[in-house]
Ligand code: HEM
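Taking the form predicted alone, here's one chain by itself in structure tokens.
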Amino acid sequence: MHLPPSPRTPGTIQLLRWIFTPMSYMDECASAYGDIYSLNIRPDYPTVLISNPDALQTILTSDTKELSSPGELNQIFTPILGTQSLITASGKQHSRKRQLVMPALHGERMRAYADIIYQVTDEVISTLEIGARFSIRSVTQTITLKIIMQAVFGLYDSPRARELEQVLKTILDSTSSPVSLAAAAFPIFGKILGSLDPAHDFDTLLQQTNKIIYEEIQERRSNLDFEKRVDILSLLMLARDEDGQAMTDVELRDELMTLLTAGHETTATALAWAVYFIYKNENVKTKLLSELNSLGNNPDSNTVFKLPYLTAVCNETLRIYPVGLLTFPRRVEKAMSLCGYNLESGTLVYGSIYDTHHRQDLYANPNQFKPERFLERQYSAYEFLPFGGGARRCIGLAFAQFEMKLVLARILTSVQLELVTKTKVSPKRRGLVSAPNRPIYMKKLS
């Protein structure tokens, strides 16, 4: 098989590097091999990473006899999301699920979520003590978890909702460590760790989560008043496919878990990075405040969403440290040529979001935080792809972008903060995504 170049280290070493130091490993590989390279990190398939925009367009827009994007390749998400999630579905089932879920996360629905976003942000910020330092990611995670919980289940405060919120946070925290990933990749390592594995209580926590969600679904099915509600769960229960079929309870559970986990963890990290860069760069903060203050009091949420410099700041945050490092995989079904290499059937191909966002030919001085680059140039969907691309592009991207902008706008205009952590903060692996390698401390001034 004529694969692209690969590090010469043994597969076990490559996998460990990928688990514990993915960003520096990708930097090394991109520097050594350029647009395309191979990694020996999966025992079942050869794995190829690509950062060439033309090649990315080929793999992300193709779902043909040559290249497919089967959900079975995303089975690593199954323990949390289940087997009926949009992420793990394939073919017609994947298309059906997107059509059922999409309306709740796009279009006019965004306006209904604006009040939730502002209300939760104000509530969380008000609990911060003046003069006391706090971890900004802990704050943004609290904000985004409460927002997605209220968007999914509605504007109410019930014991069930509070319990689910706490259990979800515990699950995500316990599975976020690279050690847990290593234990999953090397079962013998997991056995050695035993109760020291941060995720050793995972099954118990998941059973607790499932019980709460299924109880909520059954309660709503027994009460037809849910048809008058506009939260995401109610909308999904009312949704019908082309054949007039509704989602089953299992489908509802799996889509809710997808929204509740992926729908807050990633945005929390992106918000934490954005706050860090804004308060680290006085010029950026000054420009952003000037733009926000020009809107006056109580601006329309859509007006905030469309602000050019705020958009540039969010885009640059998602570029420099993308939360998702790779696109969902594509599998070569029939031998094909890509970037001058003949890829055999069975090869897995990933778009490398991180490598693409750090290409010198696209982003001069890629390690510099410079929002202006997004005002000076329009990047294609294969040059800037923080939410992936093609049929597997993140279905919640509109919600995430809307939430990120409104939360940032609220923080900047309603409270004075100071960055306490002055030294450089770098990205590290957090579960299957990335996050700051240490707490970013802020202080509330007033």
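No experiment lies behind these values; they were computed from the predicted model shown. Residue positions are given as counts along the sequence shown, with the first one as 1.
Just so it is clear, the following notes concern the form predicted together with the named molecule, a form of the same protein that is not shown.
S.K.: Can any non-hydrogen atom of residue 37 be found within 4.5 angstroms of the named molecule in the model of the complex?
M.R.: Residue-level check for residue 37: no, no contact with the named molecule.
S.K.: Any chance residue 263 has a heavy atom within 4.5 Å of the named molecule in the model of the complex?
M.R.: Result yes; residue 263 sits at the interface with the named molecule in the model of the complex.
S.K.: Is there a non-hydrogen atom of residue 94 within 4.5 angstroms of a non-hydrogen atom of the named molecule in the model of the complex?
M.R.: Result yes; residue 94 sits at the interface with the named molecule in the model of the complex.
S.K.: Consider residue 330 of the chain shown here, and say whether it contacts the named molecule in the model of the complex, taking contact as heavy atoms within 4.5 Å.
M.R.: Yes, residue 330 is a contact residue.
S.K.: Please identify, from 114 to 122, 361 to 369, 94 to 102, 240 to 248, the stretch that has a heavy atom within 4.5 Å of the named molecule in the model of the complex.
M.R.: Going by heavy atoms within 4.5 Å, the stretch is 94 to 102.
S.K.: Within 4.5 Å of the named molecule in the model of the complex, do we find a heavy atom from each of 171, 206 and 431?
M.R.: Per the other structure, none of 171, 206 and 431 touch the named molecule.
S.K.: Which of these residues, 147, 136, 86, 288, gets a heavy atom within 4.5 Å of the named molecule in the model of the complex?
M.R.: Residue within 4.5 Å of the partner: 86.
S.K.: Within 4.5 Å, heavy atoms only, which of 349, 343, 256, 270 is in contact with the named molecule in the model of the complex?
M.R.: Selected residue: 270.
S.K.: Need the contact residues for 375 to 392: heavy atom within 4.5 Å of the named molecule in the model of the complex, sequence order, or none if there are none.
M.R.: Contacts from 375 to 392: 386, 387, 388, 389, 391, 392.
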